[in-house]
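Below you'll find only one chain, the form predicted on its own, shown as structure tokens.
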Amino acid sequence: MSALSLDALDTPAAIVDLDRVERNLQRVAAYAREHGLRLRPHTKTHKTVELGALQVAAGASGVTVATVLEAEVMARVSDDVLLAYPTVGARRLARLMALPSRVRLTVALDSREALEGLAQAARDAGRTVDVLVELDLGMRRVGLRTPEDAVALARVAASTTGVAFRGVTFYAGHIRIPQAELPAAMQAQSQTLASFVDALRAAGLPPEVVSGGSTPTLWQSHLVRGLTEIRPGLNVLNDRNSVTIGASDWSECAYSVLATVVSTAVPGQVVIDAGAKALAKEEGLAPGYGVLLDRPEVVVKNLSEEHGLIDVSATTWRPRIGERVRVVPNHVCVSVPLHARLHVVRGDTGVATWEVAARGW
């Protein structure tokens, strides 16, 4: 897409601002260095080889993935991959074991069943897979809820051929609050985490890795005592939600969906050709499903499959049919895989097109 303007693109189209991406990468790398934390970004946000390579080049010690396909794709750019998802099923395990031998593979899990299946697959493949025991620090999704259960699973991992116990992991995705309210939540997280780490140490199983973090809590990760590694995902691109809670500034939103105005027939409303199949119909931390990049006060109030309904009742802006707009969605991670490719720009000029190679499973 070299020297191609946005006007030449068919819409809807996913746009990535490379200047903003580079600034976002520099900021998080500097934060991790300042606080002595390893940086292992979660690539589920972008699912592209090129962005993964930029993250590694900017200082990431490895990458985090959520699916086997993401592991296969990101193994092209990193030889240290954490699958932050319990791998269950012979086909998934076979694909995982087929990753290049140079890749140091780590899997997060919370059950003996997942551990035993992984260990058997690793033995059959003649490799050893590192294991992180998943903890539940309040998300109530996956993870062990008591130190006793964590110690029991870690003991099994430490004594099972084919796997190696390396530490613990957690995801506090339930904490999505304004930055000013975070210190108290991080302190509570520290106390809960300490009970697990202390129990493991007392059992002779001190965790080498204590992996956690998210974009909403990213900039106060250093307040969690004992944390060794952070796994932010969407901060490389950011979205409306991250701005709403103060985890990013509007100038750090590097992802938007280019759309065309197709109707102005209903008073107080503008319709664009980016609907739920381009933006994702996910409710966020503020009303609506997205806002305009250059007019963040203008809200996409509703979505159907192919239509986006923009509320213009409180603004003097009145676009013409055929005019282009760029929408920042509530949640970037669910918008990106709706697109086959990302169109990369500096300013309004295209510089590359990246395949969303890891969309799927």
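Heads up: residue numbers just count along the shown sequence, starting at 1. Quick caveat: nothing in here was measured; it's all calculated off a predicted structure.
Note that the form predicted together with another copy of the chain isn't included here; everything after this is about it.
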Would you mind picking out the stretch of 240-248, 107-115, 123-131, 211-219 that comes within 4.5 angstroms of another copy of the chain in the model of the complex, counting non-hydrogen atoms? 107-115
Whether Glu22, Ala194 and Arg225 jointly form a contact site for another copy of the chain in the model of the complex is the question; each needs a heavy atom within 4.5 Å. no
Is Thr260 one of the residues lying within 4.5 Å of another copy of the chain in the model of the complex, judged by heavy atom distances? yes
Would Thr353 sit within 4.5 Å of another copy of the chain in the model of the complex, counting heavy atoms only? no
Using a 4.5 angstroms cut-off on non-hydrogen atoms, would Asp348 count as touching another copy of the chain in the model of the complex? no
How about Pro100: is it within 4.5 Å of another copy of the chain in the model of the complex, going by heavy atoms? no
Exactly one of Leu182, Val77, Val142, Leu200 comes within 4.5 Å of another copy of the chain in the model of the complex through a heavy atom, and that residue is Val142
Are there residues in 308-343 with a heavy atom within 4.5 Å of another copy of the chain in the model of the complex, and which are they, in order? Leu309, Ile321, Gly322, His331, Cys333, Val334, Pro337, Leu338, His339
